[in-house]
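Below are two forms of the same protein chain, given as structure tokens: structure 1, then structure 2.
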Structure 1
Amino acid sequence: MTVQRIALMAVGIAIVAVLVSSIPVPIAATGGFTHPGAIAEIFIALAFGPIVGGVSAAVGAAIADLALGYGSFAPLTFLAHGSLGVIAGLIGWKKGSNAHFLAWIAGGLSLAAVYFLGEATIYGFGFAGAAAELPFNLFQVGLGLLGLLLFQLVRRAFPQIDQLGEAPKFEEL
């Protein structure tokens, strides 16, 4: 683990936590909330890879849950958002636009699936209660499209962004 990667994770965690907690929209069916955090999570996963993306999304979103008084959701949030970051990073990091789109979809579906299964079983909302929150989770994931677009714009201006998430390489001159 490099200092650069640790720094990227720290900044990523902070950005995700701020975006998740900036506009919490309550969901009556489960007592949870939806938010624009997937914008940062998708951007970070595509820009810096699955490790930085997964840690930033998982820890940042869980910290926001704790800060906003949704502590009981923090473990499930950690898993759901972490899965989004890891899967999106694995599929889309250092790849082309088609892979980025697939990364956004696959990562988003993993988040929705983890929340659905966790709420239906562990949290005791049943399948009907978990299904009531599904549209809100999919809306949240849909906002990740803005993160995908932002990444493509930044990559166009700064093509080396893909290299920031990997170990530094030194060449002898």
Structure 2
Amino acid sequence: MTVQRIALMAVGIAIVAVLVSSIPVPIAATGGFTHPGAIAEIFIALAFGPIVGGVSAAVGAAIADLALGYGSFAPLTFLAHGSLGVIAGLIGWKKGSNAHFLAWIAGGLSLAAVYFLGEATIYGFGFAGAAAELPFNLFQVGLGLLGLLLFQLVRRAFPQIDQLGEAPKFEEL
């Protein structure tokens, strides 16, 4: 693994952890809170591919879960957010805006599906219990749509982003 990749992954994990744990987004209808973590996860997956995207989303969100006190859900969070990062990265990395859109949909659905199945079966909540969590998870990944916008905006302001994950190339003059 190159040092560029190590640095990028460390920073990716930290960005996801901060967006998930420290920035509450109030939801008007329920009075509850969600977080903008999916935006960062989608952004990192689109910008740096499935490996950096998957690791950042999985580890970052799991650390955030632990920091918020949801220790029992951290293993499932690791899998669910990791699947979002990997799938979004596989579909959307180095592709056009249609693929980005598809990456968001597929990644978001996979996050919701992993949470739903994990809670219903392994944790034993049953389908009724897992279904109660489903709208929150879907809303949370719905916010990820802004990750596409974030990617466009960051790329416009910081074009070097395309070379960040790779070792610098030196040319002799």
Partner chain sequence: MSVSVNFYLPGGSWLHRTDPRVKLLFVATTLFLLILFQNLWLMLGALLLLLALHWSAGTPPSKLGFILKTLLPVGLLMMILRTIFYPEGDPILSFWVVEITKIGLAQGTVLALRILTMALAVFAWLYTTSQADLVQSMVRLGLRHEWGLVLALALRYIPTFQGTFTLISEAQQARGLNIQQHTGFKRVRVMMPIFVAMIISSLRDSGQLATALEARGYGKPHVTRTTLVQLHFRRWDYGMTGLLLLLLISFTYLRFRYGFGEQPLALF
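Under this definition, the rigid core comprises the largest set of C-alpha atoms superposing within 1.5 Å between the forms. Start at 1 and count along the sequence of structure 1; that gives the residue numbers used here. All values derive from a computational prediction rather than experimental measurement.
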Checklist entry - Two forms of the same chain here; which is the form predicted in complex with its partner chain? => result 2
Checklist entry - C-alpha of Val154: shift of 2 angstroms or more between structure 1 and structure 2, rigid core aligned? => result yes
Item to check | Once the two forms are fitted on their core, CA shift of Ile23 between structure 1 and structure 2 in Å | outcome: 3.7
